[in-house]
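As structure tokens, one chain now follows by itself in the form predicted alone.
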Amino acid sequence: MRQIPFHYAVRNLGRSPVRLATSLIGASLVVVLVLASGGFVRGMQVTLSENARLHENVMIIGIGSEEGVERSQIDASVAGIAAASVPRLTQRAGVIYASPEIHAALPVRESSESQADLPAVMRGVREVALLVHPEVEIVEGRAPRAGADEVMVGALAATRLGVSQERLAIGRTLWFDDREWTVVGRFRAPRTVMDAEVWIPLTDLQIATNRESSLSCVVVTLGGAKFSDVDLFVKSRLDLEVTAIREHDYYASIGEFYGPIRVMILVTAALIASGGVLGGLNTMYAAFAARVREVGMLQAIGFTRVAIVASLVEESVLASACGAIIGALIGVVLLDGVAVGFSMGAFALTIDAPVMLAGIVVGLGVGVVGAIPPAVRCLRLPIPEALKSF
């Protein structure tokens, strides 16, 4: 079979700048939409599923609170009892990796005069929390001191609160519990829910929430211990009314809760992409309608219909590939890392290799699907009738 030279398809792209621009814009928009939806789903999935994956942490929480640590209440003595009772927990310089914590969603205000409540996710911690959660890296300032009305904010805390990053700069203040709290530090914990939290000394948050004798959980790092050791401890101390769950299992269960939301987003993206494909079909139909004589001429000089379809598909895919590259660049520059808030805190859109591959494949698919049907329609005309068409 005689093949139409590839440069024929390339030169055809420049014959109609309007048609070329339409194809590029259509493919770019489809790819950007796919990257946005894929980045949203991927960002949420990574934030919830990869939390605490680098090390083996176990959460000791109240019985019946496995689906929401904010509802958990355990006695404040559990931290010391667990550290003394579970053998071979990770320790350094005599410090056992057992972090007593309070997790709370509290409204804060920008100042005493402000009337708007900002939804903050707070975590009351002690210094040992930085050992138990090594993902946390203080990038500016220092950790807050107990009794000094100080807080430390995560990199995405501003997104969670709905304020600008400058509003949470070192030295700025937030208002809650009828007094001002000064931001003395900023930290980052990429791809974890902690990145959107406000950290406050444990005793200060206990007083602010009237929980002087209770905690939300105790997080321990296993080290030489096993999960069964912690599980045995909680089951042997029925008086404490606590249970144990691996930290990554806890966040995985939260991720399952958001499963329907991810499906809805993917379905929406598929519908939008389908609209883009249909738009591409209309564009190609209009473009090929003016090229019926060209198609008839190619058949008259000996090119088969398969060769003609292949050339038209090459032309369409080449234009779509260029549009897909443009869309991918736009997605990486404008979408990657954009913060999005949700009930657990906030996460960043993640345009990684799988998401990028999906966007490029969909962009190329627009070129293939958009070219074949109109090409087949044009080829149905007999050659004499095609040569006489206008």
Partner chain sequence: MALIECRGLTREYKKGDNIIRPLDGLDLDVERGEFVALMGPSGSGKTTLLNLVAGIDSPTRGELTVDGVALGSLSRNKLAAWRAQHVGYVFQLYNLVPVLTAYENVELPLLLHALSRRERHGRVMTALQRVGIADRHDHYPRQLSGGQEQRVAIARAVVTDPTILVGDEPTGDLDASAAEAVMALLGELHDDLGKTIIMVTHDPKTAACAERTLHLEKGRLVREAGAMEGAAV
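Positions refer to the first chain, counted from 1. Nothing here was measured: the structure is a model prediction, and the numbers come from that model.
The form predicted together with its partner chain exists for this protein as well; it is not shown, and the discussion that follows is about that form.
Chemist: Whether Phe176 contacts its partner chain in the predicted complex should be assessed with a 4.5 Å heavy atom distance threshold; does it?
Modeler: Phe176: no, not in contact with its partner chain in the predicted complex.
Chemist: Tell me, yes or no, whether Val242 is in contact with its partner chain in the predicted complex, where a contact means a heavy atom of each within 4.5 Å.
Modeler: Flag for Val242 set to no.
Chemist: When the contact criterion is heavy atoms within 4.5 Å, does Ile301 count as touching its partner chain in the predicted complex?
Modeler: Contact check for Ile301: yes, within 4.5 Å of its partner chain in the predicted complex.
Chemist: May I ask you to check whether Glu314 falls inside a 4.5 Å heavy atom distance of its partner chain in the predicted complex?
Modeler: Glu314: no contact with its partner chain in the predicted complex.
Chemist: So which stretch, 144-152, 192-200, 303-311, 213-221, is the one near its partner chain in the predicted complex (non-hydrogen atoms, 4.5 Å)?
Modeler: Going by heavy atoms within 4.5 Å, the stretch is 303-311.
Chemist: Would you kindly say which of Asp229, Glu140, Glu294, Glu180 lies with a heavy atom within 4.5 Å of its partner chain in the predicted complex?
Modeler: When its partner chain is considered in the predicted complex, the option within 4.5 Å is Glu294.
Chemist: Within 4.5 Å of its partner chain in the predicted complex: all of Arg2, His7 and Ile383, by heavy atom?
Modeler: All three within 4.5 Å in the predicted complex.
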